[in-house]
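Quick setup: one chain, the form predicted alone, written in structure tokens, and binding and motion questions come after.
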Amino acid sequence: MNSITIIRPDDWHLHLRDGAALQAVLPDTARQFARAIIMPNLRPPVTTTALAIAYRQRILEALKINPVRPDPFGHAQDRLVEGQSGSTGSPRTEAGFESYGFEPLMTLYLTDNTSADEIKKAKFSGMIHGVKLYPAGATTNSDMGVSDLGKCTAALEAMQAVGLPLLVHAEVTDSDVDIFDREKVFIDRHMVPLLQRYPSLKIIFEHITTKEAADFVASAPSNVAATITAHHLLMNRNDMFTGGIHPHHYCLPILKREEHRLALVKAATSGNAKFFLGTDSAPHAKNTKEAACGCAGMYTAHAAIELYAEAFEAADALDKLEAFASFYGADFYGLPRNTEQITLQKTSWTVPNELAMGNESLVLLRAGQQIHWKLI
């Protein structure tokens, strides 16, 4: 197969950050995806409806004012404003950015003090599509996360009542639990009791990384689903260490053994509507990754759908990519499916080493290496 045309996909788990980082990375997502669930772990975190709406407005403004940069990835510039060049550095007009048709779907950051009233306000705003559970200390900017789910009873009951999904970073943070086992332990300690206590609460098990998580979601009731990243489909924990330590392959949840990668591929390509695309693309400046205590996260938004195509092709399942990328997430969130199409061509291209991000730089996944599908 030399090309594949699919309904334009959505990204159901994305980090855009704010400020200069937002300006730098947003075009990569908007070029490929119609919508994205935006993570709320800013500093300070997005804990209220008012903060989420303000953040949404900053994203929309970034779509209008961000300058055109040369497309460093060899993709066709088919969404430029008429009369402008992809290499001029000129600002886009508002109409030009509207042609992206990108919609940010906002979320709240759950804390021990999130109230039922705030949950209701979020739901009825029409702009908030989920509430993110970060166990305190689990990942980037999670220090204000939940310390005890028992403190969130009122918020969780309200979410169940109004139909606002809970998006779970499912890892325990106990120092005595091995980092490779934190997802598995979270299932036993928290996911099972959570389902028992809130049987109709919509739950998305974010960026699953283990066979245990895939099995749990597959056997759970229909109100439970999961997102899967491209990097967890393509890589195992050897990729962090082969030939030396690779800090740009360090993410949370951490890469796991090959048996778990294979289980994720099986789930993603199974045609089971409980599993859908969520990149967890997470930009960090180069100097914060290549450090004595480096940040967790991989930046994949520059080539997200191409990387998924590689993973599905390797599993001889390209015919399953469209539903995974474009249908199942929208269905679970109760949103209409997109109608616009994108086309991927089977051709190799070399990923640039870095992307400018304000006064810093961002190292891309596969920097200096090839990707074998290209969005045209």
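The first residue of the shown sequence is 1; numbering continues from there. If you're wondering where the values come from, they're calculated on a predicted model, not measured in any experiment.
Only in words, not in the display: the form predicted together with N-carbamoyl-L-aspartate (NCD), which the text now covers.
K.L.:
Flag residue 252 as yes or no: does it have a non-hydrogen atom within 4.5 angstroms of any non-hydrogen atom of N-carbamoyl-L-aspartate (NCD) in the predicted complex?
P.N.:
Because a heavy atom of residue 252 falls inside 4.5 Å of N-carbamoyl-L-aspartate (NCD) in the predicted complex, the answer is yes.
K.L.:
Considering non-hydrogen atoms and a 4.5 Å limit, does N-carbamoyl-L-aspartate (NCD) approach residue 162 in the predicted complex?
P.N.:
No, no contact at 4.5 Å.
K.L.:
Determine whether any heavy atom of residue 139 comes within 4.5 Å of a heavy atom of N-carbamoyl-L-aspartate (NCD) in the predicted complex, and answer yes or no.
P.N.:
So residue 139 counts as contacting N-carbamoyl-L-aspartate (NCD).
K.L.:
Answer for residue 302 alone: is it within 4.5 Å of N-carbamoyl-L-aspartate (NCD) in the predicted complex, judged on heavy atom distances?
P.N.:
Close contact is absent here: in the predicted complex, residue 302 is far from N-carbamoyl-L-aspartate (NCD), nothing within 4.5 Å, heavy atoms only.
K.L.:
At 4.5 Å between heavy atoms, only one of the stretches 146-154, 281-289, 182-190, 105-113 reaches N-carbamoyl-L-aspartate (NCD) in the predicted complex; which one is it?
P.N.:
Careful reading of the contacts points to 281-289.
K.L.:
Heavy atom within 4.5 Å of N-carbamoyl-L-aspartate (NCD) in the predicted complex: which of 47, 29, 326, 41?
P.N.:
Checked against the cut-off, the match is 41.
K.L.:
State the residue from 211, 248, 169, 256 whose non-hydrogen atoms include one within 4.5 Å of N-carbamoyl-L-aspartate (NCD) in the predicted complex.
P.N.:
Checking each option against N-carbamoyl-L-aspartate (NCD) in the predicted complex, the one that comes within 4.5 Å is 169.
K.L.:
Would you give me the residues of 304-336 that have any heavy atom within 4.5 Å of N-carbamoyl-L-aspartate (NCD) in the predicted complex, in order from first to last?
P.N.:
Nothing in this stretch is in contact.
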